[in-house]
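First, one chain by itself: the form predicted alone, in structure tokens.
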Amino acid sequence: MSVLLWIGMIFGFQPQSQNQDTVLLAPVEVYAPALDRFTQGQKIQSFSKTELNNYQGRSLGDLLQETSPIFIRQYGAGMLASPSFRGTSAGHTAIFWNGLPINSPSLGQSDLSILPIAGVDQVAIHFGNGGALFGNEAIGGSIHLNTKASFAKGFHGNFTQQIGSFGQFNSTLKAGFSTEKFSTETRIYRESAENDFTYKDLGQAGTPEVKAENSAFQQSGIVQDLAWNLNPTSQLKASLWYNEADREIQPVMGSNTNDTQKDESIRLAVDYFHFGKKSILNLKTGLIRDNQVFNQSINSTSQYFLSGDWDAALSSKWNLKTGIRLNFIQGELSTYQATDQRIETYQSLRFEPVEKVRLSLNLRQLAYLDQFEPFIPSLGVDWDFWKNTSNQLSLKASLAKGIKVPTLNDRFWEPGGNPDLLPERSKSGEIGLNWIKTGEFNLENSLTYYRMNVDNWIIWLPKGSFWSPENIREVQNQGLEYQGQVSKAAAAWNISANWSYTWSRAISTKGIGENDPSIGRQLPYTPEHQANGRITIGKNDFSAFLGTFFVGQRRVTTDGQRVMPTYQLFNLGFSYPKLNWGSLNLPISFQINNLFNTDYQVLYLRAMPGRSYHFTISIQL
């Protein structure tokens, strides 16, 4: 099938029209490929600029936990936070920054607590199996972070200061300048918190109330974006992100450890775009270097990327994208040194046979070290089967495969690494309905059912005096995701609300022998039920919101003998963006998190903060 796509690209299609899917460059915009261009049949959630502004001074983990169906496993305030899409593990989530995959090649995941919202302009989530579209690790879903620059805007800048409970002090400075041909933007941020909140220590007799110790957190970074319109058909873009985080590792209840961790990341992406009448050629190079020091143990990894793809509107009905990505990896860990090389080729085809039906076919092939993997395919369809002036009802359906290559630690850790591990493989399908209504009020609802099987799931097992990973477990995931939003304007009032509910069933179907107690049970720390909602009311530029999120019971162990209780938190906030002082605009906001001071834990014996207050003021030029 891949050969057919290549033949079709070269010989089989001739451009017929310039009215459909034109990809010409807008004169004052930085081009960014649309995430949903070849994702028919699959679900995407994007966050508006306003939503991201509400989370300035907070992390990507906070945003996703409170506003999406993703469960975030948090080890404490400012501590490790990892995502769980549709009952999968953190290693089954691919994370991208400006098109570069940024998961650690040694761990196979990213810490969402040290990905600050202050460092990005756009956040989008792709749900479900995205291996054919995005490659390795995108089994449960993928997260896409981007920075954005604009042309012909002159000078702009703002400074934001946030102070809050438990010693929180966050500062962000953002400034940029652009002409019609050149754009530069710089942002510098620093975030810190003492995290000296009080909690009931369940690890001590009588559960006394104690103050958190060894839990301070601080991080700082700089993001630099540059873009040039070289000529009417060419554009060059470069982005640099440096982030440094220093943390005291909050001990579990009943413990008094004094561990520390320092994380340092450098990310660089350079893109060249050439715009044809109906096509775009993109050449990309980049590097990512991560250094982590845990106590005195030093671990470093480097990734180097080179890729190119061609995206073309072949006719009014056909769209094609094809490309290749090369990745070279170096790891210098505390117990081993290793390298890895990966080559991926990919092709995506979209076909619109009639106005209301869109189909997509995606293929990807991966080779790493001396292994050559079969094609990873996905097939999807969108069908707008009912549509009038105020309503649209659409059916979405897709089938897909995914893959997760064993991490460097899985293969090379000493002692215990297993170089003979097979990749984890998944098969999945989903079907969903979307309803959009416009008129006196705007309403959008979506309901999705998904089912997935993951084979060769890697788990670490004791082997005498050390542990070693094996392809043992098989897992079956299925669930429902319901999301909705509504908005209405009445006189000077603006009212909006959004909500979501997730039912997720993820069970082991194969374990360590026939008597493995995990078989048939929900995976640890995978809630069956999760929900969130938010209502916002505004008048004359003043707005207030009330948000809540609910997390159901989670099993702590594979045998299900210990269960974490449900919890529900509420956040309340107010904002006024039109406060002025002379020519300066001074937006202000105030927020209360955990409004009712709920005592809860996300993970067993990991203390979480109670009620907290946060005040934010910005100076905009």
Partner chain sequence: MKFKLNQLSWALGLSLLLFSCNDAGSERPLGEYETGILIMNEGAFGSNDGEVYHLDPISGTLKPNIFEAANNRPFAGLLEDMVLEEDRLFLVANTGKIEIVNAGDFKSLGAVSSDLDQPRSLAVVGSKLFISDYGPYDDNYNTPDSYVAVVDGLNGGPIKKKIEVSNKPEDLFVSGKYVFVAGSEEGKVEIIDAEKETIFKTLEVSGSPKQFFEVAGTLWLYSTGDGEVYFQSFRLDNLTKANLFTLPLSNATGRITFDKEGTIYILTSSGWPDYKDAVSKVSIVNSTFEPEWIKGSGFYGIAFDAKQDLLYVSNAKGFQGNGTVTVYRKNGQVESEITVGRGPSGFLVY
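None of these values were measured; they are calculated from a predicted model. Residue numbers count along the first chain shown, from 1.
Although not depicted, the form predicted together with the partner chain is the subject of the following passage.
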With the partner omitted here, the residue among T233, T260, T207, S316 that in the predicted bound form has a heavy atom within 4.5 Å of the partner chain is T207
Among M253, A312, A149, V270, just one has a heavy atom within 4.5 Å of the partner chain in the predicted bound form, namely M253
All of F328, Q371 and Q476 within 4.5 Å of the partner chain in the predicted bound form, heavy atom check: no
Pick the stretch from 457-465, 218-226, 155-163, 272-280 whose residues have a heavy atom within 4.5 Å of the partner chain in the predicted bound form. 457-465
Decide whether T389 counts as a contact residue for the partner chain in the predicted bound form under a heavy atom distance cut-off of 4.5 Å. no
Should V556 be counted as a contact of the partner chain in the predicted bound form, where contact means heavy atoms within 4.5 Å? yes
So in the predicted bound form, does G308 come within 4.5 Å of the partner chain, heavy atom to heavy atom? no
Flag R562 as yes or no: does it have a non-hydrogen atom within 4.5 angstroms of any non-hydrogen atom of the partner chain in the predicted bound form? yes
Could you list the residues in 94-110 that come within 4.5 Å of the partner chain in the predicted bound form, counting only heavy atoms and keeping sequence order? none
